[in-house]
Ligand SMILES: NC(=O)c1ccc[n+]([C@@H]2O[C@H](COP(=O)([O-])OP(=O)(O)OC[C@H]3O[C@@H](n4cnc5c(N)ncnc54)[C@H](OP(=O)(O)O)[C@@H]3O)[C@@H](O)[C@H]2O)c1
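Next up: a single chain in structure tokens, the form predicted alone.
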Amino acid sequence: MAKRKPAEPTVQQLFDLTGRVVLITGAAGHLGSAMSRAFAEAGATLVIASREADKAAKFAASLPRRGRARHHGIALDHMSTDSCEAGFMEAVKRAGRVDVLVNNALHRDSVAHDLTTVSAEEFSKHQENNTGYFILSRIFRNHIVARNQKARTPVSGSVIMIGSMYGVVGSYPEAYKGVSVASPVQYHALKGGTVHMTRHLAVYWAKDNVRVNCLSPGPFPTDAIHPEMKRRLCTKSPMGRMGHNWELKGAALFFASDASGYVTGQNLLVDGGWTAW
């Protein structure tokens, strides 16, 4: 008997996360907080991961809730394999499962040093962020596979890597000269690796019903950025301005939801046209 063609969902259904569980690292930060609110506003249950359990719990309690959604805060340090494993198990224990993983946390200890001063140890340590993204992603993939072995209907999973426009293009030295250290070479190497790891995992895990995509923000500075550097960066953007953190909400929701059900291995740049020059 031929398979019945699935009914066409509405746009509202495609973007609805009701009943889904999202595990996001670095959730309380500048960009993570906006993405977390997007998932919560769409109906998801959030598992907020931070190296500090109290910080995670406090932020989880601040998020909006729709229907039966309940948010949780857990301790998880993506720079530690043991912590990744224990933290993911805790997420499943608290929320019952995980449907979406967002690798957003970033260990930043070396970014104060530019390509003239960064040490070999600092450079290598920064690349360990990608190790953590991979380990968490593999744990998540195995979780989806195990669920599908028991499920009556197929279960799907979505991994969202957070990259950067600086994983695609080089920096502008004149934007930083005299006001800040150069855009760190170790950061560019990291994010370039994140973008390509996304493609690699996507082609291997598609058969497991796990989609892997990358969301790469452009300039989304905090208020702490030097005003002159912000002015210079604006001149490099076709839109002539910096991004607001809430302008990532739609793209993040797209990758987390069924709206991107036939999308995997992609890198979506939200950069005001920066990489279109």
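A residue's number is simply how far along the shown sequence it sits, counting from 1. On a predicted model such as this, the values are computed, not experimentally measured, just so you know.
Another form, the form predicted together with this ligand, is not on view; read the next lines as being about it.
Contact check for S50: a heavy atom falls within 4.5 Å of this ligand in the predicted complex. Mapping the unseen interface onto this chain, P227 falls outside it, with no heavy atom inside 4.5 Å of this ligand in the predicted complex. Contact check for G29: a non-hydrogen atom falls within 4.5 Å of this ligand in the predicted complex. In the predicted complex, F140 stays away from this ligand, with no heavy atom inside 4.5 Å.
Note on the partner interface in the predicted complex: the residue among G67, P64, G240, P221 having a heavy atom within 4.5 angstroms of this ligand is P221. Of the residues A105, L201, I144, A91, just one reaches this ligand in the predicted complex with a heavy atom at 4.5 Å or closer; this is A105. For this ligand in the predicted complex, the listed stretch (97-105, 116-124, 178-186, 203-211) containing residues with heavy atoms inside 4.5 Å is 97-105. Residues are counted as partner-facing when one of their heavy atoms sits within 4.5 Å of this ligand in the predicted complex; in 65-98 these are L76, D77, H78, M79, in sequence order.
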